[in-house]
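Given next, in structure tokens, is a single chain: the form predicted alone.
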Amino acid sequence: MTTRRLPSEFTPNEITALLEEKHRAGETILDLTETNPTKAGLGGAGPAELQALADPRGSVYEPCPKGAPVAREAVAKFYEERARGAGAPKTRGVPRIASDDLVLVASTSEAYAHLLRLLCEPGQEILVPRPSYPLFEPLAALEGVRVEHYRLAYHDRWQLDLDSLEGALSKCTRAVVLVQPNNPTGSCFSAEETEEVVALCVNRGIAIISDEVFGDFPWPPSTSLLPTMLGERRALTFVLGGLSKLCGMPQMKVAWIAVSGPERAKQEALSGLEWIADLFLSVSTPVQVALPALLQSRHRFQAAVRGRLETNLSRLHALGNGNHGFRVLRGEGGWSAVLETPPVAGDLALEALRKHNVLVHPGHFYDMAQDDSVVVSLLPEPGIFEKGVACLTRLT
């Protein structure tokens, strides 16, 4: 009775099945995949932020499809402060965004779904990077949209394989997705690579979707914000952000789409997104009213995260500098890192869980070409992270 847009079966993979078995047995797991800040001792919502949700204005329902003006103005102010470097790492040349060019949604996943509905007819396609987070295929399938991939190749740094991007383009391509920094590689495009992507999209009338949810988290010791497509004027461009990563508040369920590009195309896109958003009205009134206060809390949260990144990255680099055969692949930001692993008998991720109760993700979860790679989160508490990494060395 269900449609072909759903998976044909829901059997868990081998790692998930083993993890569930160990949980049922009451075993303690050293989880090096934890990216939920509220479970890693980093959640950004304190008493003051929770109190903001009790604002009496939140009891009045006056829906605005694009989001309440007070909320959109708060997001625009955040970007303006970011451009000026107020309370954030210094950056240059970040354009401003007007509140009228923003559309609020409940999550980045919903943002993608809205954009697929806006841009694609059934059977058309979007291009996404490989490797990347395994989110795009199921979201696209639910909208009847195809996903094609372009390649990120590792040669001392993750680089755009321009030939693969050009080869994946077709008359059905409606958007190219950029994730900066990429999850899980932590990589960003160089200025030259970005220019090549923009030129291709302008020449073919293709939109750009730039997922920048980790854009405020450069890897230490860097303090410069990471590349942004905010304000791109030549191609129709959608920049995604949200509270989940920016402020460590995934439970608040608010994100946004910032739209830029040629004026006519931008206004047409905003009208379409407003119509789509009006069908759902998914962002709650209390969180929109509280958004100015929630966004201001980001400074404390981000400082804590940067400290965690520095500690755990140092531990990974020490592992890579040892004699265990591991290597940390170079990245620029975000909450995850890729480890090139030494040859072992069997799947290292599966063996780590089976023998030492350490949970890491195998690279193939993210469509990595490298067979010997695992992905770890940089958010776990340092004690857990240290124990987990130490256990990995026993597998070599």
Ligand SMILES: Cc1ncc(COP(=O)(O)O)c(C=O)c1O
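These numbers come from a predicted model, not from an experiment. Start at 1 and count along the sequence shown; that's the residue number.
In what follows, reference is made to the form predicted together with the ligand, a form of this protein that is not presented.
Colleague: Could you tell me which stretch in 163 to 171, 279 to 287, 77 to 85, 101 to 109 has residues with non-hydrogen atoms within 4.5 Å of the ligand in the predicted complex?
Modeller: Heavy atoms within 4.5 Å of the ligand in the predicted complex occur in 101 to 109.
Colleague: Can you pick out, from 116, 319, 213, 305, the residue that has a heavy atom within 4.5 Å of the ligand in the predicted complex?
Modeller: Among 116, 319, 213, 305, a heavy atom within 4.5 Å of the ligand in the predicted complex occurs only for 213.
Colleague: In the predicted complex, which of the listed residues (179, 236, 176, 294) lies with a heavy atom within 4.5 Å of the ligand?
Modeller: Checked against the cut-off, the match is 179.
Colleague: Heavy atom to heavy atom, is residue 133 within 4.5 Å of the ligand in the predicted complex?
Modeller: Contact check for residue 133: yes, within 4.5 Å of the ligand in the predicted complex.
Colleague: According to a 4.5 angstroms non-hydrogen atom cut-off, is residue 194 in contact with the ligand in the predicted complex?
Modeller: Although the ligand is absent here, residue 194 would stay clear of it in the predicted complex, with no heavy atoms inside 4.5 Å.
Colleague: Does residue 298 reach the ligand in the predicted complex, with heavy atoms at most 4.5 Å apart?
Modeller: No, residue 298 is distant from the partner.
Colleague: Spell out, yes or no, whether the shortest heavy atom distance between residue 124 and the ligand in the predicted complex is within 4.5 Å.
Modeller: Because no heavy atom of residue 124 falls inside 4.5 Å of the ligand in the predicted complex, the answer is no.
Colleague: Taking the ligand in the predicted complex, which residues along 230 to 252 bring a heavy atom to within 4.5 Å of it?
Modeller: Counting only heavy atoms within 4.5 Å of the ligand in the predicted complex, the contacting residues of 230 to 252 are 244, 245.
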